[in-house]
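Below: one protein chain in two forms, given as structure tokens, structure 1 then structure 2.
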Structure 1
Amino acid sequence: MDVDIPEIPSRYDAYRQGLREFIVGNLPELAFKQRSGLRAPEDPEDVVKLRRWVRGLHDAGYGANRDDPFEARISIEELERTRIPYVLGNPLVAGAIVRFGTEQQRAAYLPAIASGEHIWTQLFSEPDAGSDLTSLRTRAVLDGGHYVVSGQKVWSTWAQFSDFGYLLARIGSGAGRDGITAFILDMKSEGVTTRPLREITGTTDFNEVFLDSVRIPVENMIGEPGAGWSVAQASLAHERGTLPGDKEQDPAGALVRAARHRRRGGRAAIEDGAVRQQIGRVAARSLMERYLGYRVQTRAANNQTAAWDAPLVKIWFSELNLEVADYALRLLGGRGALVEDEPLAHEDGRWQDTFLYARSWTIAGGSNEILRNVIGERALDLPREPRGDR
């Protein structure tokens, strides 16, 4: 038994040094402030700068998707530290194209995804098909060499800046998984309207996308007609297994710092036994998250992934993340009420932003309630609850 990750050999020092120099020379200056979560910029100028930055990283040989595993690790380590995005939009479609795409699709899209030239968004959820994705109603009707697609999508991250969309629409008149088909949608197509949503954070990461008789060439289908559910499951399983890189690395330490600043009953809150117990609990659960990650990685490497691995890790992370942010606000006392740009706010209001954004993680990527169904039904083989609509 071990959890050791091989040390990066010293022959990679030059690669790391080169990347550091590249970062110093090319790091974009953005109007947009990096907050918690997977944020989209608010200023289109920032997107232009970010495209140039990501493209530059790729062209100089420093992108985060290097084939060499040591180079990839160094890139992610160094780029995470910049707090500037280095992956734009939602590139999960890449996995679907690798596994289900045609030769032409692979050649046309994969290099441009890797280089950051194309920004993608995901067009899955609908107003009446969120957790119950199989209820989606967007229709695709064959008309010669095209499918004509109409419907409404929502929660599409980065859609306002995206070049392409990874779309699920239904062919035929079936229900449930029947007829669901995956497409590549050129976001500049006639009939595509994108309307940004403003979220509880006050920022805009998600969009509504309206599709009005949009014509998609037949060759833009991913996989077979009606195979969209399997295509999407493969990508979603991947999404649930990958957690955000921006999460608090040492939440117990962050709470210790907050508790030292707060006074309670004539002494620092860190001397209060109830506070100390909560910090101990957070320390335990954040370390267990790491240990669970070791198990999941080991199983994945041995092709023994269990049906509960991805949903369990997502539930664990998102609920702990919420608990930590909620507790941090309580520890901050009156300052817990203050947000960024307020001079009196603690650490520029980052905990307040994390607290608001935390609800994104407990809902998105399969709400935690749906994931508990997944654990119950796929991992524990419990019977399904009867549906009310069929």
Structure 2
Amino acid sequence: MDVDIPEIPSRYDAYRQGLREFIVGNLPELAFKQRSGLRAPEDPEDVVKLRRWVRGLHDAGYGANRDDPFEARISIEELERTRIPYVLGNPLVAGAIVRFGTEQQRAAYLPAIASGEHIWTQLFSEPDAGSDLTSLRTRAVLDGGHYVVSGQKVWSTWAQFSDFGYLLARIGSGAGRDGITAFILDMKSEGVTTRPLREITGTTDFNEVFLDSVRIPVENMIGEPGAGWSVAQASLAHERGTLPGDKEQDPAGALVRAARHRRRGGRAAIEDGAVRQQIGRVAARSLMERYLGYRVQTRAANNQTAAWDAPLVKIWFSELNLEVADYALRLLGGRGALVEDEPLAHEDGRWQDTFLYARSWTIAGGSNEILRNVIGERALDLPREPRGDR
């Protein structure tokens, strides 16, 4: 069997009930509205409340990083329903530290990530090196017990509130993958400037970060010098293979609600056979997405991961998500363009926001075009895509 996701035993019912009671008693009231995608608060006071919320979950034994797989599944299921962040910043560095970090790094950073004490941002992409990390230009020069780093990063979520950055920089004079090295960057270091970017959604979820002769202690390197490509690929594989926690869990159901809300020719759009057929196609593809995710999880649990597993999950989710958002707007007509707090907006303008954000999922974690090359070259052993330097 290629899918083996065991049912949660009934003995975990008490754990689930305890978590639900904790949520009712401790859910923070925020100015921040969690929308589609990986969004960050605007108000620093919300960040304080979120740190307190995550710390409370951790101390009460309800964090999503539970060692018990059934408890972890329950935590994720219940916490996602709140639509309040329960993981702050970009946590992908945790996997890198577990696999490549020193004992001192594991002890210093992993507990603080789990408890919300430390918020991290990922400093990979650059203005001229987005999906193609081999083109990054940020450089690190060894100076005694420190590396001096200069360069620019962009599309960094939570950077304006982060304590640390998961940084890729190049040492030496090599090109391509040569010399790329992973570092832990204290975001309060002298020479670090963070500037939030206002996006089409109207929010500032991403940032650009400028590094001007920033000194990073040698002991803050993750892995060996020049091994940053391997460190980064391990993290990106996890990112691509993990479906976004705030994605629409029932896209067909959401479209049914929209079709019942929208009227055409004096009747609800859901009564139109063509609308029902389209929603049925979404339902089928959504079930296929879920099965694909379970299959990849099963293969990973059995140490049978293939090169196409994570890219397939990411491509399937991001393209279905974009298709659903596009159809929802067309289904709702003019009301679909209304934003939050507009009296006539359907579900507080959620589809307008979802559509504006949806395209970014086809780029995040490696663009879908690049991931199709990964599938072709590494999984199907097809000829390599011609490179620009040939």
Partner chain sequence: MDFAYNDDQELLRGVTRRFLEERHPMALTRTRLEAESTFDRGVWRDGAELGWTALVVPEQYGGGSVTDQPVVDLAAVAEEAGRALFPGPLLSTNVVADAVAAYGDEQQRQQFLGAIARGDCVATWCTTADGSAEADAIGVEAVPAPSGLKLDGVARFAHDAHEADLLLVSCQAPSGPTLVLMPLPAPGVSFRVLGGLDLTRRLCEVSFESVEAAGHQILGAVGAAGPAIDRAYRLATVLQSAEAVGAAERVFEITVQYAKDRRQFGRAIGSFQAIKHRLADLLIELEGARAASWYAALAVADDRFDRDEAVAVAGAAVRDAFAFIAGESVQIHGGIGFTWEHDAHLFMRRAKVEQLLFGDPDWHRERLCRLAEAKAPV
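Superpose the two forms; the largest set of C-alphas matching within 1.5 Å is the rigid core. Reference numbering: structure 1, starting with residue 1. As the structure is a prediction and not an experimental result, all values here were calculated from the model.
Chain form predicted in complex with the partner chain, by structure number:
Here the form predicted in complex with the partner chain corresponds to structure 1.
For Ala258, state whether the C-alpha moves by 2 Å or more between structure 1 and structure 2 after rigid core superposition.
Comparing the forms between structure 1 and structure 2, which are aligned on their rigid core, Ala258 does shift its C-alpha by 2 Å or more.
After superposing on the rigid core, what is the C-alpha displacement of Asp13 between structure 1 and structure 2, in Å?
C-alpha shift for Asp13: 2.8 Å.
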